[in-house]
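Shown below, as structure tokens, is a lone chain in the form predicted on its own; questions about how it binds or moves come after it.
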């Protein structure tokens, strides 16, 4: 439905995913009056479909992402602690080590954590609702308030900012009782993320495809079989289906950009954008929130955000003057 008259909030966030609600918490902490509107249920898309790796050391991330990733992970524990303090729901780290494999299958142990997005999502929503943040689900904004700053955090639906959906299929399996899998195993095209705490403890996620097929959320048995086979090459715990039966399978829509970098920018006097986080929305949420909050306040962000400017594609395709 269309939104009724919105209050004259200082800041209107359009999109109630992990990025939008993390920004709402940050802005509330800085004393702003915030309204968040989503045409669907809050945190119902990519936010809950992810594996939850805080993949700050992933060698396949674009180099220009590194400073933002490092900054975001440096504030992550504080971010989780505040969420728990406000909403009463803890979000524990599930793993602390990632085994990264190169093309030859040689592994490197990285100090890198993961969380469960299905724990983070309800905890973040509970924290936001504990504050004065006005969250409006199943509404669309047809006319922007005249006095508010507006931030677009619409994920894969932000087509005006060179964003398109990148489908990812994945599955969750039950681990054998004798399994000692407590660390992430990751290669270029597959990863295994065990759940060690909470309702999914004793299982592991295997992912994920990367597909440019629009807003298609169907899963395909042959793709899941391929993922499982690739995962079996990384660890013997998952070699036999009878020892690790499938619990569930699903697909999510990552917000992708042509250069696999997010867009974090002010686009005019009234509007800002924070989208295009591709495979790293969970990792980059608290860092993105601080960057956008700084821009709203007219401050220089603590990191260089030039790689994330909204005009970067226009500049690349511009014709030289004659």
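Predicted model only: the values in this text are computed from it and were never measured. Residue numbers count along the first chain shown, from 1.
Although it is not shown, the form predicted in complex with a small molecule is what the next lines describe.
Contact test in the model of the complex: residue 70 vs the small molecule, heavy atoms, 4.5 Å: Outside the cut-off, so no.
Any chance residue 161 has a heavy atom within 4.5 Å of the small molecule in the model of the complex? Answer no; every heavy atom of residue 161 is more than 4.5 Å from the small molecule in the model of the complex.
I'd like to check something about residue 293: if you look in the model of the complex, is any of its heavy atoms closer than or equal to 4.5 Å to a heavy atom of the small molecule? No, residue 293 sits far enough from the small molecule in the model of the complex that none of its heavy atoms falls within 4.5 Å.
Going by a heavy atom distance of 4.5 Å, is residue 16 a contact of the small molecule in the model of the complex? Because a heavy atom of residue 16 falls inside 4.5 Å of the small molecule in the model of the complex, the answer is yes.
So which of 272, 37, 27, 65 reaches within 4.5 angstroms of the small molecule in the model of the complex, heavy atom to heavy atom? Filtering the options by heavy-atom distance leaves 37.
Tell me, which of 154, 94, 98, 119 has a heavy atom within 4.5 angstroms of the small molecule in the model of the complex? It is 154 that has a heavy atom within 4.5 Å of the partner.
Segment that reaches the small molecule in the model of the complex - one of 165-173, 143-151, 103-111, 85-93, heavy atoms within 4.5 Å: Selected stretch: 165-173.
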